[in-house]
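One chain comes next, on its own, written out as C-alpha cells in the form predicted on its own.
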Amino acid sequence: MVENDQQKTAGRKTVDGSSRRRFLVNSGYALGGLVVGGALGTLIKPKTTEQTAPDKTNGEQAATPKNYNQALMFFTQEQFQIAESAMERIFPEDDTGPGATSLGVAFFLDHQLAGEWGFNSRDYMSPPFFAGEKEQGYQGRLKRREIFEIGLRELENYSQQQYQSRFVKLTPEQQDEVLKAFEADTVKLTTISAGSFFKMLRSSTLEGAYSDPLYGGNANMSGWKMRNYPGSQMSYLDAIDKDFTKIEPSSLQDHLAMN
C-alpha cells in the first residue's frame, strides 16, 4: 500500500529499502532490477539548494534561473496534472528522497509522448492486429500518445464515478484505490486495457525518475543519488580495483567539451 501522510511523517530512524516504494512492491515490480533509462509555470518549480549570488550592481538577490526544459510539449494542463498526481502516488516522496513531482517525471513523460516514442515510430503499426504473447509486447493500432490520452481521461471518469471528484482532488488513499483498480484491470474500458495502461504509466514513472536529466526527469540527478548510481561515467579506472566506492553522479551534459 502506498504510504500515507501519517506514515511519511512518522520519523522512521531506519529505512528499509523494501518499504521505500510499497506501491511498487505490492504491484510486483522490483526496483532493484531496474535498468536505468528507457523510453507548471504554476504547477511545480524545481527544488534547488544552490544560492544565487547577489547582484553586485544593486545588492539585490538575482532571480533564480528558469528551467526552460520544464514546459509542456504534448499534454494539456489538465492531462499533465492528472499524470503528475498519479505518478507521485506510484513514486511518492518520503524521508529517503524526492518523489515523481520533485523529480519532474511528468515532464519526462510529456516529452516522450511528443517525440518518436509517443508516435511508435520504431514499431510495426500495420494490420492485421492480434493479441501477442507477453514477450512480444503491444500489438495494436493505437499509438502510445493516444493510449495515454484515453487512459488519463478514464482515470478522471472513474474518479468521478467512484468519488464524485476530480482525480487530482482525491485524497492519497482514494487515488491509490483508483490506481489499484486500473492495475487489477477491474475497470473495464472499451478501447484500451486498464491494466496495460497502468503498466505503461508505472514504467514511464520509473524511467523518468532514473533516466538522464537530458530527457526531462531525474531533476538534479536526485533519482540517481538516492540509489548511489554513478550516472554516465566515462571511466572507472580510479575505482575499479577498490571496494565499493560512492561516486558523484555525472550526466551526459557534464561531458560537453565546453564544460
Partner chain sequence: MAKTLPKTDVVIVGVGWGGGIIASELTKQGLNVVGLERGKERKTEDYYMVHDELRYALRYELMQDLSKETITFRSNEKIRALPMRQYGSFLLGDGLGGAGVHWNGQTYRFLPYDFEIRSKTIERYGKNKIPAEMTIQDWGITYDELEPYFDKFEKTTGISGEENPYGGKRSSPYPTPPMKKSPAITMFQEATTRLKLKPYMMPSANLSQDYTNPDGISRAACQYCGYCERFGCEYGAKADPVVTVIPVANKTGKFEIRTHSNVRRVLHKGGKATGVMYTDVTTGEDIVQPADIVVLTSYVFNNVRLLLMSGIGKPYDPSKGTGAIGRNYAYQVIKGSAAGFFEKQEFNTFAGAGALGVSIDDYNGDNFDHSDLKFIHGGVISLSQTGARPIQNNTTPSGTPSWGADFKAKSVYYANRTLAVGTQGSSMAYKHHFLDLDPTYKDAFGDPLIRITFDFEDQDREMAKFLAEKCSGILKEMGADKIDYLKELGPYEIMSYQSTHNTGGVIMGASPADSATNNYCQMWDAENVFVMGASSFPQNAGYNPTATVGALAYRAAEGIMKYREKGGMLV
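Note that the structure is a prediction, hence the values are computed from the model and not measured. Numbering follows the first chain given and starts at 1. Rigid core (definition): largest C-alpha set, two forms, superposition within 1.5 Å.
Keep in mind the form predicted together with its partner chain is missing from the figure; the text below concerns it.
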Fill in the blank from the handout: Of the candidate stretches 68-76, 86-94, 154-162, 185-193, the one with residues having heavy atoms within 4.5 Å of its partner chain in the predicted complex is 86-94
Handout entry: Any non-hydrogen atom of E146 within 4.5 angstroms of its partner chain in the predicted complex
Key = no
Exercise for the section: Would you please decide whether R166 lies within 4.5 angstroms of its partner chain in the predicted complex, comparing each non-hydrogen atom pair? Expected result: no
Practice task
Answer for F80 alone: is it within 4.5 Å of its partner chain in the predicted complex, judged on heavy atom distances?
Solution key: no
Problem - F108: touches its partner chain in the predicted complex, heavy atom cutoff 4.5 angstroms - result: yes
Exercise for the section: Taking only heavy atoms into account, state which residues of 216-253 are within 4.5 Å of its partner chain in the predicted complex, ordered by sequence. Expected result: W224, M226, R227, N228, Y229, P230, G231, S232, Q233, M234, S235, Y236, L237, A239, I240, D241, K242, D243, F244, T245, I247, L252
Problem - A239: Cα shift of 2 Å or greater between the shown form and the other one (core-aligned) - result: yes
Handout entry: Rigid core superposition, K134 Cα moves 2 angstroms or more between the shown form and the other one
Key = yes
Exercise for the section: Work out the direction of the Cα-Cα change for T190 and K134 in the predicted complex: closer or farther than in this form? It's 3 angstroms or more. Expected result: closer
